[in-house]
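Read the single chain below, which is given as structure tokens and is the form predicted on its own.
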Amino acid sequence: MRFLLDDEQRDFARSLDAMLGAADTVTATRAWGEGDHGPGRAVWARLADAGVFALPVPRAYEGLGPLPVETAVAFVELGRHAVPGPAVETVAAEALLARLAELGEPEPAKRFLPSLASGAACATLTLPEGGPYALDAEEAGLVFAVADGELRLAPGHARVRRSLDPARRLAAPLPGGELLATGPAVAAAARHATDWAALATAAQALGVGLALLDRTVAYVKQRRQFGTPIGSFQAVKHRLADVLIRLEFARPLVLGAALTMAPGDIAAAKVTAAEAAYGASRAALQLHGAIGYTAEFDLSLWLTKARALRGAWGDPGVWRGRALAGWG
């Protein structure tokens, strides 16, 4: 199995990195956490123009895919730049609707997928295996809810709950709403969507971990103790080397899962990438010292996101169990 990206995929990653680097995503993420979605929506518009939200959507519905490897590549960059919003949930909704169409329920796909692929709309959703709360339901134009073998377009959402990550707000969709599909196909499509959500979350977590490592390496080269940069200390080098090894071990698991889309592979990627990012956050916090605890310091955007993504779509114990079940 090939785990290396080809030239086109690497160019895609570099173009997204350059675009997001010029988009001031830090300001957009801070504004999003304060309830101002304008800057974040501008970033989303750039991502849509780059085709990011068309990657999971079949060509029959004005998409480019499904292209899970390219989707994973994109979400690494979204994590690296701390892009706010329900990007994972939009991808999961696209996967849900596309699989429903494959299983003989094409009407929801015809109705919603073209606008999601173009970026004209964004979505969030709840799935039976993903918990009762939808991310950024107040901003998403479409709120889907799957429960009891039914897919509904929720009529609204209940009180918003804050996450550890200020840029993530959770809400429970209100019951009822328009019935879009029902029957066994909904349950099968929901499982497929959960796999896509886990894959995108794993890739995003990998990007978060890489950003934390890069920022910490830069910091320890500048911070001096006893007249010497702390990055020259052996203990600091070893700590950062451990972080690098864990992230580089997670990378092929994420890409391999995107290649196979096997549930066991996706579960392993979710656990490994999320734990590697969480480990990177702990090392970053320790090596930055007191400044790492301040919300005003930009590092906090990635610290809180690493913790939130670790438990998104199920905690590590859940995904370890699925990995064992998938490989058993």
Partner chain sequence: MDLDFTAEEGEFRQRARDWLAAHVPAAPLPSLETEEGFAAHREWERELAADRWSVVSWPEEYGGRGVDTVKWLVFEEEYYTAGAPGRVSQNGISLLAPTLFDFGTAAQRARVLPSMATGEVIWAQAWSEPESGSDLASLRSTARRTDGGWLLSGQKTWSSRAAFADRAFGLFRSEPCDTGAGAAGKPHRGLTYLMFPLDADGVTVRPIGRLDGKPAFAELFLDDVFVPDEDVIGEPGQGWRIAMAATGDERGLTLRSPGRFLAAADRLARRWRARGDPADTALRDRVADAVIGARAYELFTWACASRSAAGETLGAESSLNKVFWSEYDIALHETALDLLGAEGELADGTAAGQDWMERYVFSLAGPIYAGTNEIQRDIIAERLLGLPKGRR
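Worth saying up front: this structure is predicted, and the values here are computed from it rather than measured. Positions refer to the first chain, counted from 1.
Below, we turn to the form predicted together with its partner chain, even though it does not appear here.
Of the candidate stretches 102-110, 210-218, 129-137, 180-188, only 210-218 has residues whose heavy atoms lie within 4.5 Å of its partner chain in the predicted complex.
Though the partner is left out of this view, L253 does reach within 4.5 Å of its partner chain in the predicted complex, counting heavy atoms only. Contact between T260 and its partner chain in the predicted complex is found at the 4.5 Å heavy atom cutoff.
Contact check for V271: a heavy atom falls within 4.5 Å of its partner chain in the predicted complex. Contact annotation: Q225 falls outside 4.5 Å of its partner chain in the predicted complex, judged by heavy atom distances. A single residue from the set L240, A121, V160, L153 has any heavy atom within 4.5 angstroms of its partner chain in the predicted complex; that residue is L240. Every residue of the trio P229, R320 and A325 has some heavy atom no more than 4.5 Å from its partner chain in the predicted complex.
The single residue of 50-74 lying near its partner chain in the predicted complex is V69, the criterion being any heavy atom within 4.5 Å.
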